[in-house]
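The chain below stands alone and is given in structure tokens; this is the form predicted on its own.
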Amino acid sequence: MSAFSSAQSPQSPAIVARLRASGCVFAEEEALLLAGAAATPDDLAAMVDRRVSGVPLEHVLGWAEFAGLRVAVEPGVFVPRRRTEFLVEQAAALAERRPRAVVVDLCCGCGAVGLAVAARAPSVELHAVDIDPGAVRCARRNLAEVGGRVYEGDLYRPLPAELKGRVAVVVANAPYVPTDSIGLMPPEAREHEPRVALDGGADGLDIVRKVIAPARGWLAPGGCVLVESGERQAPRVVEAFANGGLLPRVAASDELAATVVIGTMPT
């Protein structure tokens, strides 16, 4: 925390009150984070104004805490959710079984999932893809430290052809919110995150199916595809895996309210 933040501690009750009045549930914690990130009183005032106006805290700070890591998040880029840490746990456990496993993070956003997998399985060869230029720029910042390669484009299309048949793990936190449900999301998400990172089509699974359908051509024998989904969507994701020639199973975390469906390439 900066020296400035302690000097400004007398202002913190007013900041907390403003944050709480705007709907921030963890107003005290947010006030400390904002004060710690501000270099001057004017910086702090501007940051509080942005947060009170509804800008996600992570966009105001410029980073998100995810899976024990601090991940850079630029304005307009999807903010990684805590429930997605379960996806990381499942993917890392599979990647650790193979030396120098090739891991592909599709719909990577800021690169948080790939970064967290690489932190748990440091020997992986990491590739990440997103269609949004802002997300790609952010992911390149985050994944540089682990040697990850980031590509801009639609799912598998920009990946090097030499990866075909070599991938041990495809992990995808693809958009899975049904189009008609976007309007029910919190304003922080629907107003400040890209629609392409949220909208999964009529039943929420359009992009998930596009991740699954061509996966066999990229996976090594015994390789896996892991996708996050809603609990009620899981049976349809299982069906998509079976239709794609992969052996499906469902993993769930009650603690994180998370569901991950895993499809394995037969050996």
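The shown structure was predicted, so the numbers you read here are calculated from the model rather than taken from an experiment. Numbers for residues come from their place in the sequence shown, where the first is 1.
Note that the form predicted together with a small molecule isn't included here; everything after this is about it.
**Q** Sort through 159-167, 126-134, 95-103, 139-147 and report the only stretch with a non-hydrogen atom within 4.5 Å of the small molecule in the predicted complex.
**A** The contacting stretch here is 126-134.
**Q** Flag Ala118 as yes or no: does it have a non-hydrogen atom within 4.5 angstroms of any non-hydrogen atom of the small molecule in the predicted complex?
**A** So Ala118 does not count as contacting the small molecule.
**Q** How about Gly153 - does it come within 4.5 Å of the small molecule in the predicted complex, if we only consider non-hydrogen atoms?
**A** Yes, Gly153 lies within 4.5 Å of the small molecule in the predicted complex.
**Q** Given that the small molecule is not shown alongside this chain, does Ile207 nevertheless sit within 4.5 Å of it in the predicted complex, heavy atom to heavy atom?
**A** Heavy-atom contact with the small molecule at 4.5 Å: present for Ile207.
**Q** Find out whether any non-hydrogen atom of Gln90 is located within 4.5 angstroms of the small molecule in the predicted complex, and reply yes or no.
**A** Outside the cut-off, so no.
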